Structures are given as structure tokens and as C-alpha cells.
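Okay, so here's just one chain, in C-alpha cells, the form predicted alone.
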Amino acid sequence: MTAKSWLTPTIIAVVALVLPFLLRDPYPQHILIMILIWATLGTAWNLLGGYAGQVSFGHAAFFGLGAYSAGLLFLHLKISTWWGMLLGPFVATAVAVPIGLICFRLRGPYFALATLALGEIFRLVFTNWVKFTHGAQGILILSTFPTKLPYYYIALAIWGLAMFTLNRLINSKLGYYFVSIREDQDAAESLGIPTTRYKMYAFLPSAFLAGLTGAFYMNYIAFIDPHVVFSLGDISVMVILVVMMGGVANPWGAPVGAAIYIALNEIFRAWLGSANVLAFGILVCLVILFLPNGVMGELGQIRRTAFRQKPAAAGGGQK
């Protein structure tokens, strides 16, 4: 890579490292942590749904499995929930294997429907299996750190891992296979690409990252229940809207969409109360209507509109 290609990531990394020292109040630090959580979850979804074209409506299942892997370690074995950050991603990946092997062999919306059902199944099971999961009562732990600064840097490291994984995959041979499957699966198969295998190559790291994010969420929030971490509307659907807001199949789409979502969520909640989700949904519809490729995908158009740039006239030489 050239020095120029490293410039933007380096600047972003430096800003991210010093930002919590500039925003010392716990509330803005909490906002930053939530942005990083959603950016990581969105990046995980974008790898599968954006680049490989396999739309998942059930990423809450992997997020929730990661969260409960951490919580159940403490509940039953009295083991620190931080060990769940090692266990949770592998539990989520293990569940993803049979789902992918079965559904990726089928055409049409079967995978999307299967993941949607998967999230709802886990929500119902974890709600009603009271002896094992505490059901709707949830799992409560004590916070490990007295300040939000350690949580911020852990969240930043997890997001960095997600971005590193995404960039390594999409800039390799796998990335070209993902895009070819997304654009035309029949053509990809006619070229000899084993599409089921390469869909799995996108699905498994996506589930792994979602599980890792869920395990961190358990440690940070210190409370989970099935209706929160396995939520179809608040997790599975919202992560799709976040990525669509920022830009599908764009490495920076999820982080930008997460920043917009969390910022507007706080503003709308202060102004509109419980109608904040509706307001954000309307905003996403407007973005899809006028910026179909998301904020990052339409960045050139936004710049031209903002600065009122006009295209150069043809043949604009001297008379």
C-alpha cells in the first residue's frame, strides 16, 4: 500500500484514540461506545449482506448468543463475563454453520427467512427456559470498570478488528467471489465458483463478529434479557437500516450509518420520546429515495449539492 492510502486510516485512528480525552463527560463517552458497537455490528452485516448479497434478518441471533454466552458463564459457573468474549463468537459461528449449509443451497429468500426465524426461535427459547437463562428477568452483573474509558478502547479494538477483517476479505480473491455471487449467482457457478462455500466464507466471520459484539455488550451494559439482545426490530432490522443509511457494500457505510443513527436517536428521543424509531425509519426512507447508495455511496453528489458545484461546460476553451 502507498503512503497516501494509509493517510486517512491513520488520521481516523489518531482521532479515535484521543477523542475520549477531549470528551471527558461519561455521557458523550457512552455515545461513542454505542456508535462503535453499532459500527461493528453493521460491519459484520455488511460483509454478508452488502458484499456477498446474502440478506440476513437474524443477526440478533448471533448478537444475542454472544451476549448470553458471557452472561451464562457468570450465572452458572461464576466465571467472569469477559471470558465470554472468547466463547461467544465461537458459539455464534457454530450455530451459523448448519444454517448456512442448509439454506445457502436453496435459491430465493430462504436464507433471509431462516435467519429471521432463527432470531425469533432463540428469543422464545431464552425467554421460556427460565431455569437456565432466568427468562425475561434477564442477567445482571456488576460493572468491571468504574469509568467508561476502558470500555471505549475495548470497543474501539473490536471495531478495528471488524474493519481489518472486512478489508482483508474484500480486497482478496474472496472479495471478488463475493461480489460475483451477489451480482449473478448463475454466472458465478458457470465459471466454476462453488457458491455455497464462498457464501459460508462471508457468513462465518460475519456471525463471529456479531457474537463478539454481543459478548462485549453484556460486559458493558451489565444487563441483558431476551427481548433486548434477540430483538428483531431493535437489532436485526435496525442494523440493516444503519448500513443502508451509511452505504451498503462500502467499508465506511456501517460506521457512518452508526454515527448518524446514534446521534439522531438521542436527539429524536429527547424531542419525540417513544416515536424516535418511527422518525428514524422515515429518515431512512428519505435517504433511500434521494440517496439510494447511502451517505457514503452518494458522497460525491452530496458534495456537489452542498457546495453548489456545476459541471464544467463542454468546449469551454478560449473564444
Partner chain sequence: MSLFGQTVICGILLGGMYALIAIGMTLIMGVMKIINLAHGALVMVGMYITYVCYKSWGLDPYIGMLIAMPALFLIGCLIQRYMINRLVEVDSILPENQVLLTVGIMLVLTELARLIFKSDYRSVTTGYSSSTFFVGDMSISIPMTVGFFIAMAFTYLLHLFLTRTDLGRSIRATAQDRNAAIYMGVNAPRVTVITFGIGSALAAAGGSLLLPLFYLWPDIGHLFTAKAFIITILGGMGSTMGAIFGGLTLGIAESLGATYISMGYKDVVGLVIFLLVLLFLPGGFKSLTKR
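Numbering follows the first chain given and starts at 1. Predicted model only: the values in this text are computed from it and were never measured.
Same protein, other form: the form predicted together with its partner chain, not shown, and the subject of what follows.
The three marked residues, Val97, Pro205 and Ile262, fail to reach its partner chain in the model of the complex, with no heavy atom of any inside 4.5 Å. Its partner chain is not shown here, and in the model of the complex it never comes within 4.5 Å of any heavy atom of Asn171. Of the heavy atoms in Gly281, some are within 4.5 Å of its partner chain in the model of the complex.
Remark: Leu191 does not count among the residues lining its partner chain in the model of the complex, judged by a heavy atom distance of 4.5 Å or less.
Taking non-hydrogen atoms only, Met244 approaches its partner chain to within 4.5 angstroms in the model of the complex. The stretch that touches its partner chain in the model of the complex, counting heavy atoms within 4.5 Å, is 114 to 122, out of 150 to 158, 222 to 230, 114 to 122, 78 to 86. Contacts between 230 to 261 and its partner chain, taken as any heavy atom within 4.5 Å in the model of the complex, involve Val237, Ile240, Leu241, Met244, Val248, Ala249.
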